[in-house]
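First, one chain by itself: the form predicted on its own, in structure tokens.
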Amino acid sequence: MTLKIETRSGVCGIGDATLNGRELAVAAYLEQHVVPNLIGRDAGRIEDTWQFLYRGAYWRRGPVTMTAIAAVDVALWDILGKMAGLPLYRLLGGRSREGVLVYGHANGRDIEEASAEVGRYLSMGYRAVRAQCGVPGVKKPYGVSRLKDAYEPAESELPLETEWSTPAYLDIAPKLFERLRADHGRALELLHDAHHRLTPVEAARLARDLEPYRLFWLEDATPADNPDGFELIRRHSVTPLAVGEVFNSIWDCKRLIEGRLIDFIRSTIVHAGGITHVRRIADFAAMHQVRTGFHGATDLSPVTMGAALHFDTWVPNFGIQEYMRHSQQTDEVFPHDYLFRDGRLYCGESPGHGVTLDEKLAERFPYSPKQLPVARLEDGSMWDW
């Protein structure tokens, strides 16, 4: 879902409004509630526009609202960069680093295949890899796909129902990382995503069991609806924790950050209100020695990746950036000037965020609705996906 804003003088900016599985809800919010309020406004008043769309709405926050606001915000920053003739990172305050450390996704049906995939990512130049493997007895575990580069879990028009076994997962996960350290050494940064599947005490057990293998982070160890769950994990383990890709406001992460219950905040520019709001989250996190670790899955368009890389290049408390490679078709529809080299992504010097849209080519790929799966336990109970 892409929003294009054009000024009277003909300067265009684009923003990402993709909310996986709920794209049309954002489209309706933009068309019916946001866009009519943009006509005739000063495109340079980015802060005032953000405040109008956020504080001027009685029904605040939520993923649909904040994704729509983010699309407007990123498009306006893109316009400002083009009007100033400057890349976005310069508008934010200039470079804090040359390149942005990124991690890729290695997965396999079993431990051996997952280890081979980690080796493949190392051969491609990655310095950090998220590793997932199949779980015995589970037909379709999270994070394991036949698509090795452009992985997209939303596969069907109605949600696919999958099965989950926490005991089997808790048994296999430490064995995976024991093998990865044996095969690939200690220098490689390893990450893992539990994807909200664990209770706080189960998450604490896994975090403790993974300590010998020095993970860069354990992601989404337990649902963050109740921040106190992370306090229990902290009492039992020093494995670094990351969370927040589903957050859409600073209020979602306030308790986690100020209580130092996490080490990395993963809120995304597209789902957390754009650059204007995520900058506030990052500054608040810096006060508590929490670093950024933006979500970067293929359900975010290259527009978000471009904006995120400029933000990552500037933000002082940067940690790491997720980098799931888009398909060739997506990259062709969204020409961009960022590039990957030696384990890092480098934003370009084009004015704005450096990503454009080939509208003619995009017409060849009509909207096809896809939804994320859901998970059930072995007894049929609904579980967290």
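Start at 1 and count along the sequence shown; that's the residue number. A quick note: this is a predicted structure, and the numbers were derived from the prediction, not measured.
There is another form of the same protein, the form predicted in complex with a small molecule; it is not shown, and what comes next is about it.
Listed stretches are 191-199, 91-99, 235-243, 163-171; the contact stretch with the small molecule in the predicted complex is 191-199, by a heavy atom cutoff of 4.5 Å. Out of the listed residues L361, L372, V11, L24, L372 is the one that sits within 4.5 Å of the small molecule in the predicted complex by at least one heavy atom. Residue-level contacts in the predicted complex: of P153, G229, G108, P87, one residue has a heavy atom within 4.5 Å of the small molecule, and it is P153. The shortest heavy atom separation between H310 and the small molecule in the predicted complex exceeds 4.5 Å.
For F216, no non-hydrogen atom is located within 4.5 Å of the small molecule in the predicted complex, even though that partner is not displayed. By the criterion of a heavy atom within 4.5 Å, Y142 is counted among the residues contacting the small molecule in the predicted complex. Using a 4.5 angstroms threshold between heavy atoms, D299 counts as touching the small molecule in the predicted complex.
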